[in-house]
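Shown here is one chain on its own, the form predicted on its own, set out as C-alpha coordinates.
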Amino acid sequence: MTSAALPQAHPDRGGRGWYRRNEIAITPWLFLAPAILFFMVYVIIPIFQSFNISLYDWDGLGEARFIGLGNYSELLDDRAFEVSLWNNFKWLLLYLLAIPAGLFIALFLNQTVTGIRLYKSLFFFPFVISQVVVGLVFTWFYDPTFGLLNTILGVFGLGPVNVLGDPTLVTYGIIAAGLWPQTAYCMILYLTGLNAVDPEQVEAARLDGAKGWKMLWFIIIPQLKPATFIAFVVTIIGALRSFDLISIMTNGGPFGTSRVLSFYMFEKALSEYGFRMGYGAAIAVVLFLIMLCFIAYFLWSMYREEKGGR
(Lines give C-alpha, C1' and ligand atoms only; values in the text may rest on other atoms or scores of the structure.)
Protein backbone atom coordinates (compact mmCIF):
# COMPACT_ATOMS: atom_id res chain seq x y z
CA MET A 1 0.00 0.00 0.00
CA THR A 2 1.55 3.26 -1.09
CA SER A 3 0.94 6.41 0.83
CA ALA A 4 -0.11 9.56 -1.00
CA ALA A 5 2.75 11.94 -1.57
CA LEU A 6 2.54 15.03 0.58
CA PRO A 7 2.40 18.33 -1.34
CA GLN A 8 5.76 20.07 -1.40
CA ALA A 9 5.92 23.82 -0.85
CA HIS A 10 7.50 25.53 -3.76
CA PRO A 11 10.75 27.18 -2.60
CA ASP A 12 9.92 30.38 -4.47
CA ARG A 13 6.45 30.79 -2.99
CA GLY A 14 5.72 32.87 0.11
CA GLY A 15 7.78 35.50 1.88
CA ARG A 16 10.66 33.14 2.75
CA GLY A 17 11.16 32.11 -0.85
CA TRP A 18 11.06 35.73 -2.04
CA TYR A 19 13.72 36.74 0.49
CA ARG A 20 15.98 33.89 -0.59
CA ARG A 21 15.68 34.96 -4.22
CA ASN A 22 16.64 38.55 -3.33
CA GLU A 23 18.90 37.88 -0.36
CA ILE A 24 22.06 39.25 -1.97
CA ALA A 25 20.36 42.53 -2.91
CA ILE A 26 18.39 42.99 0.34
CA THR A 27 20.92 42.02 3.02
CA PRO A 28 23.24 45.05 2.55
CA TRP A 29 20.24 47.39 2.89
CA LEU A 30 19.26 45.69 6.16
CA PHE A 31 22.70 46.49 7.57
CA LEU A 32 22.52 50.05 6.24
CA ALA A 33 18.98 50.68 7.49
CA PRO A 34 19.93 51.85 11.04
CA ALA A 35 22.56 54.28 9.70
CA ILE A 36 20.16 55.60 7.03
CA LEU A 37 17.45 56.06 9.67
CA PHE A 38 19.77 58.03 11.97
CA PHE A 39 21.03 60.08 9.01
CA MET A 40 17.47 60.96 8.01
CA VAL A 41 16.41 61.87 11.56
CA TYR A 42 19.49 63.82 12.61
CA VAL A 43 20.71 65.32 9.30
CA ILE A 44 18.15 65.42 6.47
CA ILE A 45 15.06 66.36 8.50
CA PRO A 46 16.87 69.12 10.48
CA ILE A 47 18.05 70.65 7.18
CA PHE A 48 14.46 71.10 6.01
CA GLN A 49 13.44 72.29 9.49
CA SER A 50 16.15 74.97 9.31
CA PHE A 51 14.77 76.16 5.97
CA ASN A 52 11.32 76.35 7.54
CA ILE A 53 12.42 78.16 10.73
CA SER A 54 14.33 80.74 8.65
CA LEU A 55 10.97 82.00 7.37
CA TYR A 56 9.77 82.91 10.87
CA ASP A 57 10.49 85.45 13.57
CA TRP A 58 10.84 83.18 16.60
CA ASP A 59 12.66 83.38 19.94
CA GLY A 60 12.60 79.63 20.50
CA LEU A 61 9.90 79.70 23.19
CA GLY A 62 6.96 81.88 22.20
CA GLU A 63 4.75 81.88 19.15
CA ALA A 64 6.49 81.98 15.78
CA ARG A 65 5.46 84.76 13.39
CA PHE A 66 5.74 84.06 9.67
CA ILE A 67 7.75 86.79 7.89
CA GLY A 68 8.68 85.02 4.64
CA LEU A 69 12.07 86.14 3.33
CA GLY A 70 12.32 88.95 5.89
CA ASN A 71 15.32 87.39 7.64
CA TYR A 72 17.17 87.05 4.34
CA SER A 73 16.48 90.65 3.34
CA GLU A 74 17.83 91.77 6.72
CA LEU A 75 21.04 89.84 6.06
CA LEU A 76 21.73 92.03 3.02
CA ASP A 77 22.01 95.13 5.25
CA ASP A 78 23.81 93.43 8.15
CA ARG A 79 27.41 94.62 8.41
CA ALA A 80 28.31 91.85 10.88
CA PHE A 81 27.01 89.24 8.42
CA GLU A 82 29.13 90.78 5.65
CA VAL A 83 32.26 90.60 7.82
CA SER A 84 31.48 86.99 8.77
CA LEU A 85 30.91 86.01 5.14
CA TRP A 86 34.16 87.64 4.02
CA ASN A 87 36.06 85.88 6.83
CA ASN A 88 34.58 82.56 5.71
CA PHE A 89 36.00 83.09 2.21
CA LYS A 90 39.39 83.81 3.77
CA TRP A 91 39.11 80.53 5.65
CA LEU A 92 38.15 78.70 2.46
CA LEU A 93 41.04 80.08 0.46
CA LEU A 94 43.80 79.69 3.04
CA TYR A 95 42.56 76.45 4.58
CA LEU A 96 43.11 74.70 1.24
CA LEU A 97 46.85 75.08 1.88
CA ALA A 98 46.47 72.06 4.17
CA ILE A 99 46.00 69.80 1.12
CA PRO A 100 49.35 70.35 -0.65
CA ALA A 101 51.10 70.58 2.73
CA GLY A 102 49.61 67.25 3.77
CA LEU A 103 50.61 65.70 0.45
CA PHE A 104 54.27 66.73 0.70
CA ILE A 105 54.50 65.60 4.33
CA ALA A 106 52.96 62.25 3.32
CA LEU A 107 55.50 61.88 0.50
CA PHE A 108 58.29 62.49 3.00
CA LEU A 109 56.89 60.06 5.57
CA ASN A 110 56.32 57.40 2.90
CA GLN A 111 60.07 56.91 2.60
CA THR A 112 62.19 54.43 4.56
CA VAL A 113 64.62 56.59 6.51
CA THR A 114 66.04 56.40 10.00
CA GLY A 115 63.56 57.46 12.68
CA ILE A 116 60.59 57.58 10.31
CA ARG A 117 58.23 56.22 13.01
CA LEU A 118 59.16 59.12 15.30
CA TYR A 119 58.50 61.60 12.48
CA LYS A 120 55.13 60.00 11.78
CA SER A 121 54.16 60.25 15.44
CA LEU A 122 55.13 63.93 15.59
CA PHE A 123 53.15 64.82 12.46
CA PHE A 124 50.20 62.65 13.53
CA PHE A 125 50.01 64.23 17.02
CA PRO A 126 48.01 67.38 16.05
CA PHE A 127 45.23 65.22 14.59
CA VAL A 128 44.48 63.38 17.83
CA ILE A 129 44.32 66.38 20.17
CA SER A 130 41.17 68.41 20.73
CA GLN A 131 40.50 71.65 18.88
CA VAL A 132 40.09 73.28 22.28
CA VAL A 133 43.65 72.31 23.16
CA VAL A 134 44.86 73.62 19.79
CA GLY A 135 43.13 76.93 20.46
CA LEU A 136 44.66 77.25 23.93
CA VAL A 137 48.15 76.35 22.70
CA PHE A 138 48.06 78.95 19.94
CA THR A 139 46.55 81.55 22.28
CA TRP A 140 49.62 81.15 24.49
CA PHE A 141 51.86 81.08 21.41
CA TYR A 142 50.49 84.44 20.23
CA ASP A 143 50.46 86.07 23.69
CA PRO A 144 52.15 89.51 23.37
CA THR A 145 53.82 89.31 26.82
CA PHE A 146 55.21 85.78 27.18
CA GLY A 147 54.27 84.02 23.92
CA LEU A 148 56.85 82.09 21.94
CA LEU A 149 56.08 84.03 18.74
CA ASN A 150 57.07 87.36 20.26
CA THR A 151 60.09 85.76 21.96
CA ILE A 152 61.33 84.67 18.54
CA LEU A 153 60.58 88.08 17.04
CA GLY A 154 62.50 89.71 19.90
CA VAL A 155 65.62 87.75 18.98
CA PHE A 156 65.57 89.51 15.60
CA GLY A 157 64.89 92.89 17.17
CA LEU A 158 61.25 93.05 16.10
CA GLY A 159 58.63 94.52 18.39
CA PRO A 160 55.84 92.52 20.03
CA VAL A 161 52.86 91.71 17.82
CA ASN A 162 49.42 91.22 19.36
CA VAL A 163 48.05 88.85 16.72
CA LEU A 164 44.73 88.12 18.42
CA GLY A 165 44.19 91.75 19.35
CA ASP A 166 44.83 93.22 15.89
CA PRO A 167 41.68 93.32 13.68
CA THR A 168 43.81 92.94 10.53
CA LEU A 169 45.78 89.90 11.78
CA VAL A 170 43.37 88.01 14.02
CA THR A 171 41.63 85.97 11.31
CA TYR A 172 44.93 84.89 9.75
CA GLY A 173 46.26 83.89 13.18
CA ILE A 174 43.26 81.66 13.86
CA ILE A 175 43.49 80.13 10.38
CA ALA A 176 47.16 79.29 11.03
CA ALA A 177 46.08 77.52 14.22
CA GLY A 178 43.46 75.54 12.31
CA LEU A 179 45.92 74.54 9.59
CA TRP A 180 48.04 72.65 12.10
CA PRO A 181 45.60 69.75 12.76
CA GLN A 182 44.00 69.98 9.30
CA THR A 183 47.36 69.40 7.61
CA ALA A 184 47.84 66.32 9.79
CA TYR A 185 44.45 64.99 8.69
CA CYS A 186 45.26 65.49 5.00
CA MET A 187 48.60 63.81 5.58
CA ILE A 188 46.85 60.71 6.94
CA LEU A 189 44.54 60.59 3.90
CA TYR A 190 47.48 60.78 1.50
CA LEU A 191 49.53 58.22 3.42
CA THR A 192 46.62 55.82 3.01
CA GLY A 193 46.35 56.70 -0.68
CA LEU A 194 50.08 56.19 -1.29
CA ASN A 195 49.74 52.60 -0.10
CA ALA A 196 47.36 52.00 -3.01
CA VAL A 197 49.64 53.46 -5.69
CA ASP A 198 50.42 50.88 -8.36
CA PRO A 199 54.16 50.08 -8.13
CA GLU A 200 54.16 48.72 -11.69
CA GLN A 201 53.16 52.13 -13.07
CA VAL A 202 55.88 53.78 -11.02
CA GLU A 203 58.48 51.33 -12.26
CA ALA A 204 57.34 51.73 -15.87
CA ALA A 205 57.58 55.51 -15.55
CA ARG A 206 61.12 55.19 -14.18
CA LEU A 207 62.13 53.07 -17.15
CA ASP A 208 60.75 55.83 -19.41
CA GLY A 209 62.92 58.38 -17.63
CA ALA A 210 60.27 60.03 -15.46
CA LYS A 211 61.44 61.27 -12.06
CA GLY A 212 60.99 64.11 -9.62
CA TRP A 213 58.14 66.49 -10.41
CA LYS A 214 57.17 64.61 -13.60
CA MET A 215 56.77 61.37 -11.64
CA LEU A 216 54.71 63.16 -9.01
CA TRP A 217 52.48 65.10 -11.41
CA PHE A 218 51.80 62.46 -14.08
CA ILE A 219 51.99 59.18 -12.11
CA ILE A 220 51.47 59.67 -8.37
CA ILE A 221 48.89 62.47 -8.14
CA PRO A 222 46.43 60.94 -10.70
CA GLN A 223 46.30 57.80 -8.54
CA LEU A 224 45.60 59.92 -5.45
CA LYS A 225 42.37 61.44 -6.79
CA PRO A 226 40.09 59.63 -4.31
CA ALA A 227 42.22 60.85 -1.38
CA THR A 228 42.35 64.35 -2.87
CA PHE A 229 38.56 64.44 -3.21
CA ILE A 230 38.05 63.45 0.44
CA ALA A 231 40.70 65.97 1.52
CA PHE A 232 38.95 68.76 -0.42
CA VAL A 233 35.51 67.95 0.98
CA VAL A 234 36.69 67.61 4.58
CA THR A 235 38.85 70.75 4.37
CA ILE A 236 36.02 72.84 2.91
CA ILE A 237 33.59 71.61 5.55
CA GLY A 238 36.18 72.33 8.25
CA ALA A 239 36.74 75.86 6.93
CA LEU A 240 33.03 76.66 6.81
CA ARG A 241 32.21 75.34 10.30
CA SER A 242 35.24 76.88 12.03
CA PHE A 243 33.47 77.62 15.31
CA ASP A 244 35.48 76.06 18.11
CA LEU A 245 38.83 77.80 17.49
CA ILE A 246 37.18 81.21 17.23
CA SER A 247 35.16 80.62 20.39
CA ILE A 248 38.27 79.58 22.35
CA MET A 249 40.79 82.07 20.99
CA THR A 250 38.86 85.34 20.50
CA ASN A 251 35.12 84.77 21.06
CA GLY A 252 34.57 86.68 17.82
CA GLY A 253 36.71 89.68 18.78
CA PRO A 254 38.27 92.10 18.63
CA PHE A 255 35.15 94.12 17.80
CA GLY A 256 33.61 91.17 15.95
CA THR A 257 36.34 91.13 13.26
CA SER A 258 37.10 87.40 13.63
CA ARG A 259 33.50 86.20 13.31
CA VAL A 260 32.55 83.59 10.73
CA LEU A 261 29.05 82.52 9.72
CA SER A 262 28.86 79.58 12.12
CA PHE A 263 29.90 81.75 15.08
CA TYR A 264 27.58 84.60 14.07
CA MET A 265 24.73 82.10 13.77
CA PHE A 266 25.43 80.97 17.35
CA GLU A 267 25.51 84.58 18.56
CA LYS A 268 22.15 85.41 16.99
CA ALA A 269 20.35 82.18 17.85
CA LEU A 270 21.70 80.96 21.18
CA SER A 271 23.82 83.56 22.95
CA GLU A 272 22.87 86.53 25.09
CA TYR A 273 22.38 88.71 22.00
CA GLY A 274 18.74 87.83 21.55
CA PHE A 275 17.63 84.25 20.84
CA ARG A 276 16.64 85.04 17.25
CA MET A 277 16.12 81.49 16.05
CA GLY A 278 14.73 82.49 12.65
CA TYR A 279 17.61 84.86 11.90
CA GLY A 280 20.15 82.27 13.05
CA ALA A 281 18.47 79.65 10.84
CA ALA A 282 18.73 82.02 7.86
CA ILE A 283 22.48 82.34 8.46
CA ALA A 284 22.69 78.54 8.72
CA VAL A 285 20.86 78.16 5.39
CA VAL A 286 23.32 80.52 3.67
CA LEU A 287 26.24 78.55 5.13
CA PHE A 288 24.67 75.26 4.02
CA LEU A 289 24.13 76.51 0.45
CA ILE A 290 27.75 77.69 0.18
CA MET A 291 28.95 74.31 1.40
CA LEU A 292 26.55 72.51 -0.94
CA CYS A 293 27.85 74.43 -3.98
CA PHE A 294 31.46 73.42 -3.34
CA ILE A 295 30.71 69.78 -2.59
CA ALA A 296 28.34 69.47 -5.58
CA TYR A 297 31.04 70.89 -7.83
CA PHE A 298 33.61 68.33 -6.70
CA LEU A 299 31.12 65.48 -6.97
CA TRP A 300 30.20 66.54 -10.50
CA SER A 301 33.89 66.84 -11.45
CA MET A 302 34.65 63.33 -10.20
CA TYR A 303 31.55 61.88 -11.89
CA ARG A 304 32.51 63.52 -15.20
CA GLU A 305 36.07 62.21 -15.01
CA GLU A 306 34.95 58.68 -14.16
CA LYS A 307 32.36 58.74 -16.95
CA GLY A 308 34.94 60.01 -19.43
CA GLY A 309 37.42 57.33 -18.41
CA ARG A 310 35.02 54.48 -19.18
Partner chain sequence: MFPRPIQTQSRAVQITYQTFLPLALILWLLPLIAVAVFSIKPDTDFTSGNYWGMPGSFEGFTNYGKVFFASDMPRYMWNSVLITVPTVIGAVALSSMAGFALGIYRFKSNLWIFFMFVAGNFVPFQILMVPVRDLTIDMGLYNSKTGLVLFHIAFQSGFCTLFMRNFIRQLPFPLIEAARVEGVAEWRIFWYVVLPLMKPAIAALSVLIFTFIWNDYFWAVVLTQGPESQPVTAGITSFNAQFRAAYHLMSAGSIVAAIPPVAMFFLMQKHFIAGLTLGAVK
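From a predicted model like this one, the values you see are computed outputs, not experimental measurements. Here the rigid core means the biggest group of C-alpha atoms that line up within 1.5 Å when the two forms are laid on top of each other. Numbering follows the first chain given and starts at 1.
Omitted from view is the form predicted in complex with its partner chain, to which the following refers.
Trainee: At 4.5 Å between heavy atoms, is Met40 in contact with its partner chain in the model of the complex?
Mentor: Residue-level check for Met40: yes, a contact with its partner chain.
Trainee: May I ask you to state whether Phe146 is within 4.5 Å of its partner chain in the model of the complex, using heavy atom distances?
Mentor: Taking the distances in the model of the complex, the answer for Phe146 is yes, it comes within 4.5 Å of its partner chain.
Trainee: Might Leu32 be said to contact its partner chain in the model of the complex, defining contact as any heavy atom within 4.5 Å?
Mentor: Because a heavy atom of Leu32 falls inside 4.5 Å of its partner chain in the model of the complex, the answer is yes.
Trainee: Residue-level question: is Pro46 within 4.5 Å of its partner chain in the model of the complex, judged on heavy atoms?
Mentor: Judged by the heavy-atom cut-off of 4.5 Å, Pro46 is in contact with its partner chain in the model of the complex.
Trainee: Where does its partner chain sit in the model of the complex: which of 154-162, 78-86, 167-175, 138-146, heavy atoms within 4.5 Å?
Mentor: Answer to the contact question: 138-146.
Trainee: Only counting heavy atoms and a 4.5 Å limit, does any residue of 213-233 reach its partner chain in the model of the complex, and if so which ones?
Mentor: Heavy-atom contacts within 4.5 Å come from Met215, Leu216, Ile220, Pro226, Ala227, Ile230, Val233.
Trainee: Can a Cα shift of no less than 2 Å be assigned to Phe255 between this form and the one not shown, given superposition on the rigid core?
Mentor: After core superposition, the displacement of the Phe255 C-alpha between this form and the one not shown stays below 2 Å, so no.
Trainee: Indicate whether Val113 shows a C-alpha shift of 2 Å or more between this form and the one not shown, with the rigid core used for the fit.
Mentor: Shift of 2 Å or more: yes.
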